[in-house]
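Here's a solo chain for you in structure tokens, the form predicted alone.
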């Protein structure tokens, strides 16, 4: 479904991603682990054409994306849940989700808003609360629910557990996995929380200084503890 082939990404003269390649198959869930500054967020923004200057090939559903604008990529089925959530503070939870209708491909029927809210039990009593009245964890759930409203083929999740209470992290695992399984959505998850990443995905890639240093399944990751010690230990 997604093919990232030998890409380099730059912010000005800063060379962030260096010859990075990875793929995500239909319905596959892949974690990208790395320390702060490793290039995780830059990878997702590069896939979405959302700021970095990118060299190399990115293809989705067999189509070379080239310079395709980010809003077109969204309507093709790519959906980014950014690290800072970007919830509209002056809109209610329900209204935030309704905004995602603008990201639907032409001719695709939208989800019912209340049905999507119902998949996130914590959000049910908050449906008419404004964005700036929500906690960070509640905002994160809204951001994921909003992504589902766009009916993505592949969801890009950027550091969703940052700053969240453990109980919200556990809830988020259940919500993300059930959403992906029920709708056949693929997942590319960038994270530092190894436990969360393990619960949500089948494959794992580790990056350091913009380059891949490990790629495989979780059994392979566990078989090489030096990877965790060298590239992920704080």
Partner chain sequence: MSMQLTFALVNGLTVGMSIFLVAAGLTLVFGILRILNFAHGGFFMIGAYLTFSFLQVLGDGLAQFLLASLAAGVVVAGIGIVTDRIVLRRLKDLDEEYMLIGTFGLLMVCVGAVKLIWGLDYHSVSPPSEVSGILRFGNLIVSKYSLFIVAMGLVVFFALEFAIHRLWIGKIVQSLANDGWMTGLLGLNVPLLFTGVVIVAFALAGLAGGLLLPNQSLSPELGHAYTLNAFIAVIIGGLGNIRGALFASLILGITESMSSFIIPGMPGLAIYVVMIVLLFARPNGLFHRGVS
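Basically, rigid core = biggest C-alpha set you can superpose within 1.5 Å across the two forms. Numbering follows the first chain given and starts at 1. Every value quoted in this text rests on a predicted model; they were computed, and no experiment measured them.
The protein also exists as the form predicted in complex with its partner chain; that form is not presented, and the subsequent description refers to it.
Trainee: At the 4.5 Å heavy atom threshold, is residue 98 in contact with its partner chain in the predicted bound form?
Mentor: Residue-level check for residue 98: yes, a contact with its partner chain.
Trainee: Do residue 145 and its partner chain share at least one heavy atom pair within 4.5 Å in the predicted bound form?
Mentor: Because no heavy atom of residue 145 falls inside 4.5 Å of its partner chain in the predicted bound form, the answer is no.
Trainee: Using heavy atoms and a 4.5 Å limit, would one call residue 161 a contact residue for its partner chain in the predicted bound form?
Mentor: Result no; residue 161 lies far from its partner chain in the predicted bound form.
Trainee: Is there a non-hydrogen atom of residue 138 within 4.5 angstroms of a non-hydrogen atom of its partner chain in the predicted bound form?
Mentor: Residue 138: no, not in contact with its partner chain in the predicted bound form.
Trainee: Tell me, which of 180, 48, 58, 30 has a heavy atom within 4.5 angstroms of its partner chain in the predicted bound form?
Mentor: When its partner chain is considered in the predicted bound form, the option within 4.5 Å is 48.
Trainee: Using a 4.5 Å cut on heavy atoms, which of 105, 118, 110, 82 is close to its partner chain in the predicted bound form?
Mentor: Of the listed residues, the single hit is 82.
Trainee: What residues of 56-75, in sequence order, lie within 4.5 Å of its partner chain in the predicted bound form by heavy atom?
Mentor: Those in contact are 70, 71, 74, 75.
Trainee: Superposed on the rigid core, does the Cα of residue 82 end up 2 angstroms or more away between the shown form and the other one?
Mentor: Superposed on the core, residue 82 moves its C-alpha less than 2 Å between the shown form and the other one.
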